[in-house]
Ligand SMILES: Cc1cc2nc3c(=O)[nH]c(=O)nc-3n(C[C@H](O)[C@H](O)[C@H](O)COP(=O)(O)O)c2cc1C
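One chain follows as structure tokens, the form predicted on its own.
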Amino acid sequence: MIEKSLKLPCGAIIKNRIAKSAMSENMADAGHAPGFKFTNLYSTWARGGAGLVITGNVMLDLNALGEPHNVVIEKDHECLEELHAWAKAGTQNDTHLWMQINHPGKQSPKFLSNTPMAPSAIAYESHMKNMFNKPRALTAQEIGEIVERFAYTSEKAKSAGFTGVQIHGAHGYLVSQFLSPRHNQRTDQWGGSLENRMKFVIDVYQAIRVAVGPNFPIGIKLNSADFQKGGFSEEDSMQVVKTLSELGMDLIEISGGTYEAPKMMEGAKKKDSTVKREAYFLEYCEKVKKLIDTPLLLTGGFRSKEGMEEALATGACEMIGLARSLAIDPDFPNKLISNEDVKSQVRPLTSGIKAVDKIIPIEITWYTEQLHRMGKGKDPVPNASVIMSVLRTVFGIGSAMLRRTRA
């Protein structure tokens, strides 16, 4: 069944049911443009066989970065030539290439933002307080400007040749912050009730739809829950999904957790029922599919064709999202479709030092290095040293912190 095409509500057709889910590349050039490394990487993934490839997060504002080497698209910084090359590379082999668009909100590191912006002036209370400064609350005018930036970046993506866009509404970034009563404690039209807290994402979707038209795919990545006390709940999430479905969203990707409670990366801690069925958020998808007709993309945990086929056959989702599997085996979709006896090589990672594992986000940094290898035209190394990756990360962060901090 993974070989079957999928028609989206807007009319676009994706050639099969496999999607390369977003992973932040963090390898833009010094001017935050996508250089030759992006064309190398996305050409590799396009040839790998996935029907849909979703980029890592593209930022809307040079003064609001999640990582030092994010791609940024804003007025007077459109990188049009580079974007065209990126889109051409990633749409080979009849592949859909969607740009994931994001704003970090307060999830912008100290060495990049002295005073980041967020729905409310609430600092992180967890281990993250050591990495992120206390934010200031966005004004109503600034919220409107960010909505316009989402629309502007989407229009540029379309004109450059990308075949869709995805709003990043998960993992603790700005859209996720607005949805969470833990992080959004505003008393105006964007805070309080769930209806008010979802106003921001609704405004973003509607502004993008006006900018790109009715026949261009718009998707969103959403949390099934934040898995935090007082945060975005499963019940909240289902209502947001239902509302966005009714408004015309074309594809809803389900993930879960934030970098405070990273359930999207906790494959080693899965309960027995999840191990058997592979996908982390399958039970949530089964519940929400009873409420909507919009196609669901389920990401997280899939390792075998059997697990993927079962999820599709039961109707829990319409597409299978793979990320880390394609960071170490970019040809994995082709192998699945050709019925090769293959399973994902993804494995739990550890430096062997518990204190280091708590401080360094190894699951992010190690896999990012594999993307960088492909960006340089090299093959990934599935058995690369974790501890060497940690050392390179520490050195890289230290170098970045010596540069000017953004206001």
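All values reported here derive from a predicted model rather than from experimental measurement. Sequential numbering from 1, following the sequence displayed.
Omitted here: the form predicted in complex with the named molecule. The next part is about that form.
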* May I ask whether Met23, His168 and Tyr367 each come within 4.5 Å of the named molecule in the model of the complex, counting any non-hydrogen atom? => yes
* Pick the stretch from 350-358, 372-380, 56-64, 32-40 whose residues have a heavy atom within 4.5 Å of the named molecule in the model of the complex. => 56-64
* Report whether the minimum heavy atom distance between Ser233 and the named molecule in the model of the complex is within 4.5 Å. => no
* **Proximity of Gly105 to the named molecule in the model of the complex, heavy atoms at 4.5 Å** => no
* To do: Evaluate Arg303 for contact with the named molecule in the model of the complex, applying a 4.5 angstroms cut-off between non-hydrogen atoms, and reply yes or no.
  => yes
* Does the named molecule come within 4.5 Å of any heavy atom of Lys221 in the model of the complex? -> yes
* Structure fact -> From Tyr280, Trp98, Phe200, Phe150: within 4.5 Å of the named molecule in the model of the complex by heavy atoms is Tyr280
* Structure fact -> Answer key, the named molecule contact in the model of the complex at 4.5 Å (heavy atoms) among Gly172, Gly90, Pro333, Gly321: the residue is Gly321
